Every structure is written in C-alpha cells, then in structure tokens.
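Take a look at this single chain in structure tokens; it is the form predicted alone.
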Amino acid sequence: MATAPASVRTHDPLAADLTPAGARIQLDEWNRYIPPRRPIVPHIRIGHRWINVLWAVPIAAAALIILIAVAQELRQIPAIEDFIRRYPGVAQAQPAVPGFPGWMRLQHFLNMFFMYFIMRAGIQILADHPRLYWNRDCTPGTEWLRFSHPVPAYRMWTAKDDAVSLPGWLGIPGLRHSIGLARWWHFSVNFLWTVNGVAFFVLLFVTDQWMRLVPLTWEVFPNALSTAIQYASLNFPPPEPWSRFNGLQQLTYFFTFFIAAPVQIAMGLLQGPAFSNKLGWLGRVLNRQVARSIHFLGFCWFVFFIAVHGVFVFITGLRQNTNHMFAGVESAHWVGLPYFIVAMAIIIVAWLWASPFTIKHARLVQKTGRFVIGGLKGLAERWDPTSELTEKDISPHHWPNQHLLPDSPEYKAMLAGGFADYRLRIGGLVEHPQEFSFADLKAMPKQSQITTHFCIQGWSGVAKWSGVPMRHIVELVRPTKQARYAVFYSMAFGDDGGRYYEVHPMKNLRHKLTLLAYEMNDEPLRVMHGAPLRLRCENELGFRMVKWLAAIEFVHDYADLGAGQGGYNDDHEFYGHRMPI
C-alpha cells in the first residue's frame, strides 16, 4: 500500500478528511448539490405593496408618447422657439476640439468591452442574495427590491436557499451560487476598467480633449434644456460631435465619467469589511446595504446610458458616428462601419464564450483573478478594522447561511450533554500543543464586541459576540517562527464532501477583534451559528469564520491541504483565500 508523504502525515488527523477538487465545474454534481432555482421578475416595494417592474414598460412607453406630444406643442410657442434660437444646443463659449484621437477611440472600445462583463458578473453576484435594502439588518420583508420569492415562514430559509440561477448568456457563469467565480470576473475586469479609466483621465487632461467633456460656462444648462426639447420633439439639433458636444451630451458624459464612475468604485469598496469597518461613522452611514443599493442604482444608470447611447448612435447618423469613433475621420463614406462591425463581433464572441469557458476552466479563472487582484486584496487585508457598534445596532434577524451542520453522532452527543465533553485541539508548529475543554475556554479572559457580519453573498447583520480573544490562545501555545498560518478545522462537512476548513494568516489571529466566540447576543451560540465555538475575524467575509470548531493547526504552508487553495470554499466553489472586500 502506498504511504502518504511525510508533510501530510504530520498534519492534524482531521486533515485526512479534507478532499481535493477538480479544476472545472462538473455540472451534474453542482446542480445536484445546488439545484437551479429560477428568479422572479424584479419587484419594487412602494409602501406595503410590491410592484412588478414590467409595469415600467407600458408606463415608459406612454410617458414617451406624452413627452413627444408635449415637446412638439412647446415648439409651437414663440417664446420657446426664441429660447431655442438663443440657446441652439452648444454653448457659444464652448471651444471646438476637432477629432477623436486614436487613444480615445481605443479606450472607448475597451471601456465598452470591460463594462459589459462588469455588469454581467455584477448581476451574478446580486443573484446570490437577490434582495436590496436601505437598512443594515437585512430582515426579510424590509427589502425595497427583490427578484426572489418572499422568504417562507414555514421552514428555515437560508441565504444559500435564497440564491437564484441566471441564464448563462446573462450572468457569468449563470449557475446558482457561483458567486466565487463571478467575483473574480467582477473584481478583475473592474481593475482593468479602472486602469483604463485612469489612463483616460490622464490623457484627457494632458490634451485639449477635456474641453469636450467639461462644461466651461453656465450656458451649458439652458443649452441642455434646449437640446432635450429638440430631441423630444423629434426635430433633432444639428450634430457637431466632430468638434463639440451639445449641452445635454456634455452634462451626461460629465456626470457619467466624473461622478457616477467614481461613486460606483467607492460603493463597491464600501461593501467589504476592510473598508467599511475602518471608516467609522462614514462606514455606519454608508453601511453595506446602503452601498449595495447605491451600487445597484449606479448599475441601472450605466445600463440606461449604454442603451440610450447605442440608440442615438443609430438614429443620429450611423455612418457619421462610426466614422468618428471607430475610424477617426470626418467622411461622407462608410469608412468606420467595418471597424464597428469587427468591434461588435469581438464583443459578441467574448460574451458567448465567457460562461462556457468559466465552467470548463473554473480553477484557471480563480488563479487568474488571484494574479490580477489578489495583491490588492492582500493590501486591504492589512487595514486595521476598529469599528464597533452599540447594543441598539444589533440586528433583529441574522440570516443562517447554509444547511451545513455537523451530522456526526459525536457532535449530537456533545450537544445533548451541553458540550461538557467538547475538546478544542491546538497543535502543529507550536511550542506548547494544547487541548482545551469548553469549561477551560470559558474560564479564560472573556471579550465582547458588537460588529457587522459581512457575508460573501451580500447580506449583513450586527451581533454581539463574546468569547476568548484569539491572541490569548496564541500566547498560550506559542507558535514557532516557522508558523505563518493557522488552519481552522470544522466538525462539519461540505456539500461536495470533505471537512470544512479555512486558513488564516498570523496577522489575523493577533488582531484585537479576532475571537473564538461561544456567545451571540449574550446567549450561548445556537447550532446554526456555530455552537459550541466559532471564529470571528472582522476584516474578512463571513465564510472565513469557521463554525463548529474542532481543531486549530499552525502550519508554514497550506498547499498540501485539500486542493491547496486555502479553504473548503476556495477548493470546491472557487472562492478567494483573502476576502477583505
């Protein structure tokens, strides 16, 4: 019989229960453990009533017809015609900036390319908790938008139950609870989009092209109103895009580039514990759910902007617009159309390719994402989370996040006995290996803290956690200089087989807010929240805080544990090992 390598034999005995995982998603297995669940048409809550957003289609159509009729009637009023003659659309003080240089055309394409994938991955992330709130607590029924059915009252409904599937052509990859892969797409492409945006701003202001986008006179406002009336009346103003944008275009582009885009980036970052917990009162005002809602409204703005922008490319002159932005010429011929067709073909092919590629090469997507964005996430992990809340901030509801519960006879026996027989084993690269009973742990210095729990799926909740500071445990066992990580083994097993575990760097263990918690809201931990003992590490997302702790092992590396990715979800669901955002 073959023997295991020495590096494996020296691990804690529970390491033998860790399982490897494949490099791709096996659809039959994924769908067996996480069956597809169709979303509903999005509903918005107005007061106590839920309104289907599809009502917006006939309402918008009727509003558009009325708007056109009103605008055409306004054009019959002499005073309005005088106003339009005085403010034809382009402010007289607005300088002409002829042409679209090559760098601008390239960045226009890259911005369009990146944005489509950012939005697709963002929708996939939202599908993992398809509800939006203006409160931090995420209590079912308080959301203002949802595209999942109401939470049933007749059974325990977990956050994982609530996740919905998406068509593969819409989300990336579309599978239910594939948020790990969606986040790699979202964050990685966001990084590339941000780099492209920074380059755009630099080039914009070292050339005269900034004058095309930045209003230089207050006359931009009456000119924008005049332009809006002319467009609405279907009597379009004479286009001058080769040299100048009209007032409405200028205000729209200025808002989108200089306000909406930075706000989207900021709201994305504020959804992570590393940033929200560091910003004190600002992180409490712009808490995770407020940030999610603003982020979604920003997404809606970009969808609206892209849709209207695309329509106007066609109705205001396809030949002229493609010549300008894809060929960089002012010409009466169809010079830019071939470039436009090629650009659209690239986007369509990439769009159709993304989901199948992600399913087939999931581990590659994970590793590529880690290469692109892992270093920045590691830097964010160093932020010192100091934000604590008060008793009045405690949430009335704390979502259970999965049906993952210990199912062994040993655990059931310990539960029946009030955990009197519970033992926490701590070993590995330590000078003093220890085994603590539940009574031993409760006799140690006790620390309480009121903090926000950030689940990777999108929900959050505030609770009071009490237990043993992890730094006290570190002092007792004295890790050696070779120890760089601690492996936290759970008594529970994952859906895909294998024991649940997570690996944390030593810095996390020494932080003042890292606990081995045995109480929640001044009561003993409930089974669904990790009884008898769970980890709290406030600069990370919730899945990293292992529940039902069985053992802790200090190690130099974790490459030979499981699939070598640093945790059960990292191995089997392609999450990231460092999750401060």
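Numbers for residues come from their place in the sequence shown, where the first is 1. Fair warning: this is a prediction, and the values are worked out from it, not measured in the lab.
Here the subject shifts to the form predicted in complex with a small molecule, a form of this protein not shown in this document.
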Review point. Is V164 close enough to the small molecule in the predicted bound form to count, meaning some heavy atom within 4.5 Å?
Key: no
Exercise for review: Look up in the predicted bound form whether P39 has a non-hydrogen atom within 4.5 angstroms of the small molecule, and give yes or no.
Suggested key: no
Check your understanding: Could you tell me if N508 has a non-hydrogen atom within 4.5 Å of the small molecule in the predicted bound form?
Key -> no
Review point. Is there any non-hydrogen atom of G168 lying within 4.5 Å of the small molecule in the predicted bound form?
Key: no
Review point. In the predicted bound form, which of the listed residues (G317, P241, P400, P140) lies with a heavy atom within 4.5 Å of the small molecule?
Key: P400
**Study point:** the small molecule: the contacting residue among L145, A343, A492, L424 in the predicted bound form [heavy atom, 4.5 Å]
**Key:** A492
Check your understanding: Using a 4.5 Å heavy atom cut-off, which stretch among 56 to 64, 510 to 518, 524 to 532, 43 to 51 contacts the small molecule in the predicted bound form?
Key -> 524 to 532
